[in-house]
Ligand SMILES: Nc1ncnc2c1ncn2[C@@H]1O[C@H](COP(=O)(O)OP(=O)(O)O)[C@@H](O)[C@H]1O
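Just one chain is shown here, as structure tokens, and it is the form predicted alone.
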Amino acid sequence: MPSLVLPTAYFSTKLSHRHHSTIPSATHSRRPHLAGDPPRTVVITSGKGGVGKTTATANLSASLARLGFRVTSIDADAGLRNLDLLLGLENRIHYTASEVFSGECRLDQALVRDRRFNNLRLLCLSKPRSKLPLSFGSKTITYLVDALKTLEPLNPVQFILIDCPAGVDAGFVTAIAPADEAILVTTPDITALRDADRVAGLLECDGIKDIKIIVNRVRADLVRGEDMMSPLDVQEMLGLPLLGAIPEDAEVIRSTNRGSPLVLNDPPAPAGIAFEQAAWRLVEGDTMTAVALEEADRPAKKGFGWFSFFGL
């Protein structure tokens, strides 16, 4: 398989795909083939807070919607929700799932339609700084997800993405309950990896076997200097398939402050391209495989190894 190069100076790769040698951008005329039986329910989790889990959820949601799939994203962080901010929908939320279960509104009234994509909707579990009733648990959110699947029989949702709260307490247990697949977001540092490894074990104990990882905030310069683990190192440590490697990118902060997902930037940012490609792989049930490239002009050393990396 030949090496492929993106329009970015961050990475160069040699990698293989099970189905396709290239992944077109979202503006490409070809639409990815949806693997599995829809609707697919995917929980996006991390264990450790601050690794980019909500950023990943927002960008994957927008990418899937731009590819033409019907998407509902659930912010399952009851008291500290942020997904609405990253999608730019914070001022449009009048009802949440909490009001649905209290009988104050219907489920369709609590769904907030994105301004840019009619096929993307957001559902928050509760209002900021509020608490869910003690009765709200795994069975309740499973019932909620089942209701979303049948809400529009003639135009059913195809992806339900659940933004899981950080940690492994009751909120985590509740959020993963209805999921069939999981995306584990981590950064290439030892504290995040230890938490990610523990979360992977908890997901498997809950019966979720389809787990893929996204390695966020990768800095190629630090990887080359053996000061940061490469995505390949992370993949080998966790023993899970790799969905995407996202480079460190200042545009992430700018897009967050604008309330616009990074994948919608024009011109595209390196991290946005990587998220878009991860979404394409998610649709097709594909993964990326990194191959270590030993630098010809430097001897191999112990440690993290010499890897340059990016995903197509």
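One rule holds for the numbers: they count along the sequence shown, beginning at 1. No experiment lies behind these values; they were computed from the predicted model shown.
Unshown form predicted together with the ligand; subsequent notes refer to it.
- Note on the partner interface in the predicted complex: the residue among Ser73, Asn216, Ser230, Thr96 having a heavy atom within 4.5 angstroms of the ligand is Asn216.
- Using a 4.5 Å heavy atom cutoff, Gly52, Thr55 and Asp249 all lie near the ligand in the predicted complex.
- From the list 276-284, 60-68, 32-40, 251-259, the contact stretch for the ligand in the predicted complex under a 4.5 Å heavy atom rule is 251-259.
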